[in-house]
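A lone chain, given as structure tokens: the form predicted alone.
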């Protein structure tokens, strides 16, 4: 397979992946705490392609990684007493069977035992590393800006907000949750700013994503035409060379 075909196929693979990511962003435009993602592309991941009678520089492309926009999403008021949103850096800390996980989705609830749980039903951890328990019969819950959970004049716990020195170490695992390596530098936010009765919306910008989708679609069509032309040239060359002299 010649260089043009290899380059075209590598571009198609990257464009398909970019389209999948853009489509996922659009699908999560209304997901609380969702952070927009973008494909990172690497040029010349392999030996540089060469052409005898074409352009001097021919580059393969490949997926290098995933970039995430961790900028603040808009806060939407819900009025639900257990809905909370972080203003600024940090993530809520969730206890799962696989270990601690992190999220910006503050749509919390209370299970039958009174444990404060995430939207996925996992316990929300306090700064002491233990789940926060609320008495279902003890009246309204008040959550202060520093994360302190009060009920009937008593402190039930303080919601942990974990900050990372480098958010690039976070890996998405689904269900709007992130995981971090054990050696990732992290700390509890000393002065978190939490808003009760609010939820952080997705930071996906639909217009930008639709524009990106159109650009990817046009680029894919262009590469497809290039491959079709290259295939046609090869076919004609073979036919000509195969004719009797």
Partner chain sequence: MRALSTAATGMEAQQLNVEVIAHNLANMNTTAFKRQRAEFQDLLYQNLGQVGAASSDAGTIVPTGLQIGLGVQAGSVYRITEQGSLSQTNNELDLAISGRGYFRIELPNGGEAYTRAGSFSRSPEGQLVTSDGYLVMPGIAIPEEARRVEVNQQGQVQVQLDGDAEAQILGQLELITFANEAGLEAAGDNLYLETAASGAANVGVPGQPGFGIIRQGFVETSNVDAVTEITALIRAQRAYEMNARVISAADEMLAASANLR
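Computed from a predicted structure; not experimentally measured. Positions refer to the first chain, counted from 1.
What comes next is about the form predicted in complex with the partner chain, which does not appear here.
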{"query": "Stretch in contact, per heavy atom within 4.5 angstroms of the partner chain in the predicted complex, of 142-150, 123-131, 85-93, 162-170", "finding": "162-170"}
{"query": "Residue 107, heavy atom within 4.5 angstroms of the partner chain in the predicted complex", "finding": "yes"}
{"query": "Contact of residue 196 with the partner chain in the predicted complex (heavy atom, 4.5 Å)", "finding": "no"}
{"query": "4.5 Å heavy atom contact, residue 99 and the partner chain in the predicted complex", "finding": "no"}
{"query": "In the predicted complex, residue 112 touching the partner chain (heavy atom, 4.5 Å)", "finding": "yes"}
{"query": "Residues in 68-94 close to the partner chain in the predicted complex, defined by a heavy atom within 4.5 Å, in order", "finding": "68, 76, 78, 79, 80, 83"}
